[in-house]
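Listed next as structure tokens is one chain, alone, in the form predicted alone.
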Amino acid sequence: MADKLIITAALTGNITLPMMTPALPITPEQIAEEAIRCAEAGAASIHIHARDPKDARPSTNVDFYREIAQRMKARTKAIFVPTTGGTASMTIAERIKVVPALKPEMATCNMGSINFSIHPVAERYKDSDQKFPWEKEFAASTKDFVFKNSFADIEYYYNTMIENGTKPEFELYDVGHLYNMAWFVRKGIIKAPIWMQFVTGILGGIGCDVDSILAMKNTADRLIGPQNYKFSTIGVGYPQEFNANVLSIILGGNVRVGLEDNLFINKGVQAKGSWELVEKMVRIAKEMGKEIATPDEAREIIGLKGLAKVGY
């Protein structure tokens, strides 16, 4: 069981903009349909960012998340994993409110602050490329954005998740975030077994190259102990997404794909949806001799409470 590969699909994110791909799902129904299709393709876990269906802006509206979760639950056993990442305009309370409202099996918990930017995107697109008038302005504004996750924030997120039976999926964007985690472990706040994501390739975080990913893995082994955690790797962009995932498999880890991280199925060819990226990852993994974990197998590997105990 532990040798099976968990594939996570990340469908929209906050930083993939509608002008960047026609395949981006926006409404709760579209996001849920994309999640179901990704699950059918082989994804055990679905990372969810909701959007306002009126203007496609990232949203923390619990009703949107509830609709997505309920639609998923009715048709798939895939793990619903809402974000607590938010945007620059969102408060800590807004970012976390989906957890006590829906009591999901798992939710993201970011392990440190970084300069998180997509401002070069604003330079790549014309005003006429926008599907919504806020897109270029949003991208440009991230040049001055600090993705804040202080020690107080992290403890608040973590405790809220534990109180609601929600397992944290720790997001680590740089080596320093592993030192943050090690401090929480030493203090007895964060307890094993730990499920973590190495997020590589974001402008402001660690790179997506071999040395950087090895640095994350070696530091995690040294500080946390390989017996105390399981991990997945995110690579931003093409071909980094697939290169990082192949290395993650070699290192004994798991993988994430989807339009949140990468728009391309092949060089110069945009993916038709996150499901197509999942299908490609399944093919690569099987060529490497890996069996793909089902949602229930992923629950057992990660240690989740199960669908019967969620609040939606």
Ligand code: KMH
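Predicted model, so just to flag it, every value in this text is computed and none were measured. We number the residues from 1 along the sequence you see.
Heads up, the form predicted together with (5S)-5-amino-3-OXO-hexanoic acid isn't pictured, but that's what we're talking about next.
- Contact annotation: E260 falls within 4.5 Å of (5S)-5-amino-3-OXO-hexanoic acid in the predicted complex, judged by heavy atom distances.
- The closest non-hydrogen atom of G86 lies within 4.5 Å of (5S)-5-amino-3-OXO-hexanoic acid in the predicted complex.
- Proximity of D153 to (5S)-5-amino-3-OXO-hexanoic acid in the predicted complex: non-hydrogen atoms within 4.5 Å are absent; the residue sits far from the partner.
- At least one heavy atom of N110 is located within 4.5 Å of (5S)-5-amino-3-OXO-hexanoic acid in the predicted complex.
- In summary, the region of this chain contacting (5S)-5-amino-3-OXO-hexanoic acid in the predicted complex, judged by heavy atoms within 4.5 Å and restricted to 145 to 153, 121 to 129, 67 to 75, 209 to 217, corresponds to 145 to 153.
- Only one of Y158, F242, F116, F231 lies close to (5S)-5-amino-3-OXO-hexanoic acid in the predicted complex, with a heavy atom inside 4.5 Å, and it is F116.
- Contacts to (5S)-5-amino-3-OXO-hexanoic acid in the predicted complex (heavy atom within 4.5 Å) from stretch 31 to 57: H47, H49.
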